[in-house]
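Quick heads-up: it's one chain on its own, the form predicted on its own, in structure tokens.
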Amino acid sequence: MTATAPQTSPRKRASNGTARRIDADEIGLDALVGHAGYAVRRFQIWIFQDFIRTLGAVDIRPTQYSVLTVIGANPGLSQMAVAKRLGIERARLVHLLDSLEQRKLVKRVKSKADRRSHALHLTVQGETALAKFKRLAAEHERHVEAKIGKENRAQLLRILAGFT
């Protein structure tokens, strides 16, 4: 097993104009330190990486989990309603639903009220799988709590509640 070198960047220049390698952690962020968007994005990257690592064995991504959870809580919603509620582009949701349908987790049923739309439901297999996914997602949330602390996690959820 070989050790990997620390992340380096040739961005800083030595006084003679030649590039010198420095560790990524040594690179100054300047004004980014005070930008909420930058901090939220970096935290989101950590969150997604941990989620994917925690739910990797069941091959579920954050967006798939969100869609399954909303359908499970609201059987019969239209694709448009799910897309709108979760802020997902309709075309992207269609592809996502195709993959969930292929895995036999979701089924589309022609709407009785509007033949142009489909009502979304979890299959029996989807309901069982979602229960497992929720247990793994709870484990992921424990990782978040371990990273930032219980009170900070609760405060973060309160702050972000206006965006959900």
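Since the model is a prediction, treat every value here as computed from it, not as a measurement. Numbering starts at 1 and follows the sequence shown.
Beyond the structure shown, there is the form predicted in complex with the DNA, which is absent from this document and is the topic of what follows.
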| query | finding |
| --- | --- |
| T128, heavy atom within 4.5 angstroms of the DNA in the predicted complex | no |
| Contact label in the predicted complex: Q49 to the DNA, heavy atom within 4.5 Å | yes |
| Contact flag, K107 vs the DNA in the predicted complex, heavy atom cut 4.5 Å | no |
| Partner contact for H95 in the predicted complex: the DNA, 4.5 angstroms, heavy atom | yes |
| Contacting member of R135, R42, R115, H35, with respect to the DNA in the predicted complex [4.5 Å, heavy atom] | R115 |
| Heavy atom within 4.5 Å of the DNA in the predicted complex - residue from T123, T63, T69, T54 | T63 |
| In the predicted complex: members of 62-91 within 4.5 Å of the DNA, any heavy atom | T63, S78, Q79, M80, E89, R90, A91 |
